[in-house]
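The form predicted alone is given below as one chain in structure tokens.
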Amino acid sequence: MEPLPEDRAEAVFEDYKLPYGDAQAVVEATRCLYCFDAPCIKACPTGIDIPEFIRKIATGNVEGSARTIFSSNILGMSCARVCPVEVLCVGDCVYNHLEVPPIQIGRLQRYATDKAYAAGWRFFEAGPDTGRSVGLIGAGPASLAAAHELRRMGHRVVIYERRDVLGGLNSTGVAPYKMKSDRALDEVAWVLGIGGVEVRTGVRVPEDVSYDALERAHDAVFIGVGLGADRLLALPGADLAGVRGAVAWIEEMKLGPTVAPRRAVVIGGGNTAVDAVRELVGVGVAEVTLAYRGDESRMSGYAHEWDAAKKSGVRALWSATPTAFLPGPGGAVAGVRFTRPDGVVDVPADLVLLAIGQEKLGDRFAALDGITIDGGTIVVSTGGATGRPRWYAGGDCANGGKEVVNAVAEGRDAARAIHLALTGGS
């Protein structure tokens, strides 16, 4: 992979959650009650044995702790940073019911996995060659997890990725105050370090490699394409310069330099919208407004993330429906017109980001006999199996757009299902 430019706009961000030092990690780890039938494990989509890895930190066995994490979640380093632990493992910690601060599981997981990366610990190797080959479409978290698991089982793996940058949204879309792109690419290299994974970038499926060609070349195929382009609004002024999709802008900000406008409006109430407003403040935008059609209680974005956005100075405009983008000099946007219960309001803006969802890519596979599409997502059964023999799917294209940890779990589980199908259960 080509190195990322050093002048990336994301470089200005510092970690929102600072890493633990050795003493801090041990103190926090010793607070854990090591619950039997621990609810935190059930809350983790990859089922990491959380009390076990924490106990190993407390006893000084950090290498063993990292092995425990990676045995369940090979992308445990990024998940430690990007998982919404407040609503997953940390949110289910029993301390929440005792009016005691919950164990900081994500920060402890980051401590152990960062140690593993820094020390160069490698826990897994490729299995004996089975003579079977699996093609994976997309190089995001689901495919990376599947590829690593398949190599451990001895299957040959080829990843087909249309971009030049690997890692999916971990590399191009994660808020930089959680994880920057270079760290995401470190993880890609670490995961692929198991060896034997062929990666073909700049390849579009089915435009460059047909579905028939994939079936001829491989014994099974995994679809892990994620989500597509931002959804836009067909309103007057939609073609004005400065009216952008939020995901596209975030990618541009993470992978290269950007010019911060003076005033920005983000339309939406989900996690992408909340990330975008925090990032706009971080790159130096003086006035940032989040506009949402509902009220604050109806936002789908995580409450703890929105609280951080408000503390950073983001303004909110509730019950606001956009009706037009207002033109300024030279064909650039100058603001957004909204209708609200109390009338019409114009909000000045030099940049307008639309965070109202992304295209679902399942429809691209609708032509394949046996694959069922529901609302743009691929319908799968246990282990990610589709209705077409030897075709599997996981991640956002199958779950509609969940967390990185869900994609990892689905890619891992699909790999295990593929292995059973190819080997007859051996």
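Please read all numbers here as calculations on a predicted model, not as lab measurements. Position 1 is the first residue in the sequence shown; the rest follow in order.
Separately, the form predicted together with a small molecule exists; it is not shown, and the next lines address it.
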| query | finding |
| --- | --- |
| Selected contact from Val221, Val347, Val158, Leu169, since only one has a non-hydrogen atom within 4.5 angstroms of the small molecule in the predicted bound form | Leu169 |
| Single option in Pro322, Gly226, Gly135, Gly282 placed near the small molecule in the predicted bound form, where near means a heavy atom within 4.5 Å | Gly226 |
| 4.5 Å heavy atom contact, Met153 to the small molecule in the predicted bound form | no |
| Residue contact check: Lys56 to the small molecule in the predicted bound form, 4.5 Å heavy atom | no |
| Touches the small molecule in the predicted bound form: Val174 (any heavy atom, 4.5 Å) | yes |
| Contact flag, Asn73 vs the small molecule in the predicted bound form, heavy atom cut 4.5 Å | no |
| Region of this chain that lies against the small molecule in the predicted bound form, out of 186-194, 242-250, 328-336, 258-266 [heavy atom, 4.5 Å] | 242-250 |
| Candidate site Gly362, Arg388 and Arg416: all three near the small molecule in the predicted bound form by heavy atom within 4.5 Å | no |
